[in-house]
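Here you get one chain, nothing else, as structure tokens; it is the form predicted alone.
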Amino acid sequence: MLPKFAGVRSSGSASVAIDAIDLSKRYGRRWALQQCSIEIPEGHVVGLVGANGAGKSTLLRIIVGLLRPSAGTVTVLGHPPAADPAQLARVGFLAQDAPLFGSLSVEDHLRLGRHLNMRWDGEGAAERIRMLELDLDQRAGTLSGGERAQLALTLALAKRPEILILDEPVAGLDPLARRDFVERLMAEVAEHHLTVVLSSHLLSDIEKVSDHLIVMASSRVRVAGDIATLLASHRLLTGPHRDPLVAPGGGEVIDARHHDGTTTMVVRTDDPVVDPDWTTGELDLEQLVLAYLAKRRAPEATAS
């Protein structure tokens, strides 16, 4: 059974932003996404990590309605993705390349956003542009990478969405521009209680801003849940070389490394490990993610 978030409970009912059940997408005989079942609670920032080709962008594009799944179902705020204009207005999306019209000015983009979005926050967008010190007359094609990303984020936030989907938004930015982007994003999250799904290879950014985690590999979800809960349910064990790998106490071995007669294992278990031959340590987020990315891949499926 694939992992699901526990969700946030209120008055006996779940407040779920995104609910996917056995979501799959294939292109010919290649699966881009397989049997993805996740439940993302409202009001949280979810970090989505995985190697290139793991299925992250496919999942996000299905959620925002740019792709249709080959199998399975997904609801966003209780409705199918992009079901109607009102549903589209509730979801903001920022792709990796921060798509803008290079020949249009900053002011042109704000004007276009006002015409295309029913809940457009013109005052908020103008204030963000002033804070960013962007020239309203400058064409988007002449902006720096950081400025383009900030303008694209401004447009996405000015929709006043309830869910914001970010697909590698800071991949091409320098460290200072990336820090500014993340800081402004989190200020908006705190003020407007957004649900955010942030795809990124930069685990440092994920660790700073996220309280939930999804790890994908080979088109499948490998682990998902509240970050604090996941870290508490995994152990880093160091002890004598052991082959075949069997975790002391019967936990699930996620990853193992052998060196100079010793074995270091990442083990998933809710129970304390009591064994004098093994030293127990805690994991950080990077160790947890890398363990699942390194875990032996399941056999690749082909479409029937």
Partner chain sequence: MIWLTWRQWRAQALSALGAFIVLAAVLAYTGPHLVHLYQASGIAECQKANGDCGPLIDAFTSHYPLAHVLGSLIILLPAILGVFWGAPLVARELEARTCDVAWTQAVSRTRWLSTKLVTIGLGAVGTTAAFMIVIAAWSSPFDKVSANRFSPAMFSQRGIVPLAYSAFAFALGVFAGAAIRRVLPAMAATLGGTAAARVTVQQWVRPRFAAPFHISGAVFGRGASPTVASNAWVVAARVVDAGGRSIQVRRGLLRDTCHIPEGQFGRDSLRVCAQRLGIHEVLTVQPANRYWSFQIWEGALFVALGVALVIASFVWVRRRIG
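Residue numbers count along the first chain shown, from 1. As the structure is a prediction and not an experimental result, all values here were calculated from the model.
The next section is about a form of this same protein that is not shown, the form predicted together with its partner chain.
- Query: Going by heavy atoms within 4.5 Å, which of 179-187, 117-125, 198-206, 228-236 lines up against its partner chain in the predicted complex?
  - Reply: Stretch 117-125 is the one.
- Message: Can you pick out, from A71, L136, L104, A171, the residue that has a heavy atom within 4.5 Å of its partner chain in the predicted complex?
- Response: By the 4.5 Å criterion, the partner-contacting residue is L104.
- State yes only if every one of K25, L88 and D108 has a non-hydrogen atom within 4.5 Å of its partner chain in the predicted complex; otherwise state no. Judged in the predicted complex, K25, L88 and D108 all sit within 4.5 Å of its partner chain.
- Is the gap between G145 and its partner chain in the predicted complex 4.5 Å or less for some heavy atom pair? Contact with its partner chain, no.
- Using heavy atoms and a 4.5 Å limit, would one call L67 a contact residue for its partner chain in the predicted complex? Because a heavy atom of L67 falls inside 4.5 Å of its partner chain in the predicted complex, the answer is yes.
- Task: Answer yes if any heavy atom of L112 is within 4.5 Å of a heavy atom of its partner chain in the predicted complex; otherwise answer no.
- Result: Contact with its partner chain, yes.
- Quick one: does K159 come within 4.5 Å of its partner chain in the predicted complex, counting heavy atoms only? K159: yes, in contact with its partner chain in the predicted complex.
- Partner contacts for 78-102, taking its partner chain in the predicted complex and a 4.5 Å heavy atom cut-off: The stretch 78-102, when checked against its partner chain in the predicted complex, contributes P85, L88, A89, V91, F93, A95, Q96, D97, P99, L100, F101 at the 4.5 Å heavy-atom cut-off.
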